[in-house]
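Below, in structure tokens: the form predicted on its own, a single chain.
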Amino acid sequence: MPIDLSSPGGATLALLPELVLTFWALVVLMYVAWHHRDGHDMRTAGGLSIVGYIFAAAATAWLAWRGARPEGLSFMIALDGFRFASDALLLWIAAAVAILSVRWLIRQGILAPEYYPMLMLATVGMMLLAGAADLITLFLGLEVMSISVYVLAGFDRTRRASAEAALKYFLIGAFASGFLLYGIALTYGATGQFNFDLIGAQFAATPPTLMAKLGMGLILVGFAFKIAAVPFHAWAPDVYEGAPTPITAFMASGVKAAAFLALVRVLAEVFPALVDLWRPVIFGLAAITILVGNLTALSQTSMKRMLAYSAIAHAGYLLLAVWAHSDEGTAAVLIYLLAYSVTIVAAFGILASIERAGARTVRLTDLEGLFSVRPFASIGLSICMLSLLGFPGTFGFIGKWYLLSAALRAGQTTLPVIAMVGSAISIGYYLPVVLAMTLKPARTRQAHQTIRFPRPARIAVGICVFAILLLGVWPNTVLNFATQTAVQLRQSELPIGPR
């Protein structure tokens, strides 16, 4: 049934998942304000936040089941399968991070239950960013997400590194937002429109002006900062290492996913007529990001910094599918984001359980001999490393295969070769993690004896690892769904009439 987005009721209905999650964040915040700050209240706040994600997912499923679509101009938020799939992915990531956070925060002595409302508000921003059909909504979603994540990155107030991470992320994030906002202003100046479809139609009808080209370039720079593409990546390793480990997982998976989902929509709906202008930019970003990310990761001894540079390299891989600018490329982005997020959440979930109270950095040497004491954790982390590598039989291999396939079908051969070279380089830092856990002896008899895996974390990580293996050998359902969703992104009809 069509939804009239020009009416208050229609706009409210279209934003139902975001409104439900925002309301529930306020409910959790009120609970936090009226209760003591102890372990019991931390667990209760975490449980309530997970209920909020379930409610928001139910609202998303209801809209998708209802077959909601806009009546007239979709000026604010998209109502298509791509938006609903994006919301489902982002809500799953946030719920998994909340589950991993419950016992970790208590063990590390961070008794501040405001953490969960901030996590929920960051998720609201991510959902608005990924589902925006208007440049103003895009910017609002970006800022809601960013401000919340700035706070979460510095949430561990007992550590100087956490405060430093928050400050660096805030300063560089504000700088990136300035680029994006200036690009939005120039695009509006060139077209007189904020709506994605109307801007795209105007660019298709008339040659782009210099102002339009500059606007597109600045918007791409803003997105490059958010996805940590080289040379806009310098903030990521320090922020990932200093932030609380569950938040590092949230940034590496959720924030990156939201930025890529928004980038795909912007290029597909706003700048499809300028493809010959932005493709060389994406090509250069992809090539240098893959090589720099993988080469720099080789020298890292901290697991969080290694995974940070790994995340940079994976952003480069994803840019292959963005360059393809096709239905298959869009499907490849969805598949790879799902594979990567499942893997990275499981990896950081295991690392969070390994971390000792007061010691927030796990180094490669800390993993030596882990298999002999905690075999399941060692096997799970090994599967995650192999999936990130793209080893056959894992979901990461399926995702990387589809990225390469999308680029090759679009006529690109150089980037797939660079991606294969980058994957070969990544063997040098993924396999040492596996070898350290399985082949090297523990440094002391007491090593790893104090490791405790809380039941919620075991369940979340176990589901992720199972999904990595299951979807690595039986991915057909996910592949078909991603293909159908990608087609819907490009089937939006341009409404006729004034804004």
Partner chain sequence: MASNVTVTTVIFYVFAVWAVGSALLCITRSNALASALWLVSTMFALAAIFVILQAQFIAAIQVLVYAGAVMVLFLFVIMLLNLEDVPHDWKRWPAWVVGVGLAAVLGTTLVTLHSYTPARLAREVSTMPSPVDPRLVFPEGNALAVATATQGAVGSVAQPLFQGYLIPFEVTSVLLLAAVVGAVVLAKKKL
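Keep in mind the model is a prediction, meaning the values are calculated, not measured. Positions refer to the first chain, counted from 1.
Same protein, other form: the form predicted together with its partner chain, not shown, and the subject of what follows.
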> Of Val373, Ile106, Val151, Ala273, which residue is found within 4.5 angstroms of its partner chain in the predicted complex when only non-hydrogen atoms are counted?
Replying inline: Val151
>> Using a 4.5 Å heavy atom cut-off, which residue among Ala85, Val255, Ala268, Leu121 comes into contact with its partner chain in the predicted complex?
In response: Leu121
> Is Gln202 a contact residue for its partner chain in the predicted complex, using a 4.5 Å heavy atom cut-off?
Replying inline: yes
> Given that the partner is absent here, does Ile54 sit within 4.5 Å of its partner chain in the predicted complex, heavy atoms only?
Replying inline: no
> Is there a heavy atom of Leu186 no more than 4.5 Å from a heavy atom of its partner chain in the predicted complex?
Replying inline: yes
> Heavy atoms within 4.5 Å of its partner chain in the predicted complex: does Ala190 have any?
Replying inline: yes
>> I need the one stretch from 341 to 349, 106 to 114, 93 to 101, 260 to 268 whose residues put non-hydrogen atoms within 4.5 angstroms of its partner chain in the predicted complex.
In response: 106 to 114
>> Where, within 214 to 244, is there a heavy atom within 4.5 Å of its partner chain in the predicted complex? Residue list please.
In response: Leu214, Leu218
